[in-house]
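As a starting point, one isolated chain is supplied in structure tokens, in the form predicted on its own.
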């Protein structure tokens, strides 16, 4: 079922990521980690649906997306970048297989952190964030989405990784089997993985090789 919602506010998160706050339809419910199909309510764009994750909390009176903008081509995200308060979106009912199932490590690549935003916010809101870890890979430090938010979450163990910034003080390199073997001490925990398709495949395969149970890997199937 499609819902027409108006944007309430937009704002910059990083140099290429924007936050959109918009109306919440009456009775609309979602679980942290879920997504929906989104289209812009304009001629020529209503059939151009794209999946985006809800990044707000389920008890907020509005909904929120945190979206990476790809300005190099005239696609949906580039169109979204030009929207403002009062413009309308079309959203479908929520869906998704990334759901919280217990303490563990969240492994994200770039905009792949978005399904984890609501989950980690929800845990922090319930004072249950302690004992969780976020391993977050980006090309450079300026690409890290909501870094201040993660660092302020008391009890969340954060490990930021950059792949293309040799002068950074952060960890460098890819999140591969050797990285995980060195950096993870318990492969019996839950692992939440989201990012580019190839990264998810490689990380999941490496985790299984290192002893993680397939049922403990949570990712968008």
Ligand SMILES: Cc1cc2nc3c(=O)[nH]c(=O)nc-3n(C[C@H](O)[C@H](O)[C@H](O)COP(=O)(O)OP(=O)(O)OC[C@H]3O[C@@H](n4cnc5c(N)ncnc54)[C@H](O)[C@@H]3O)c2cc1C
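Residue numbers count along the first chain shown, from 1. Keep in mind it's a predicted model, so treat the numbers as computed, not measured.
Keep in mind that the form predicted together with the ligand is not shown, yet the notes after this line are about it.
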Heavy atoms within 4.5 Å of the ligand in the predicted complex: which of the stretches 150-158, 62-70, 180-188, 164-172 has them? 62-70
With a cut-off of 4.5 Å between heavy atoms, is residue 75 one of the residues that contacts the ligand in the predicted complex? yes
Using heavy atoms and a 4.5 Å limit, would one call residue 58 a contact residue for the ligand in the predicted complex? no
Using the partner position in the predicted complex, report whether residue 114 sits within 4.5 Å of the ligand, counting heavy atoms only. yes
Hey, in the predicted complex, is residue 196 touching the ligand, heavy atoms inside 4.5 Å? no
Of the residues spanning 36-57, the ones with some heavy atom within 4.5 Å of the ligand in the predicted complex are 50, 51, 52, 53
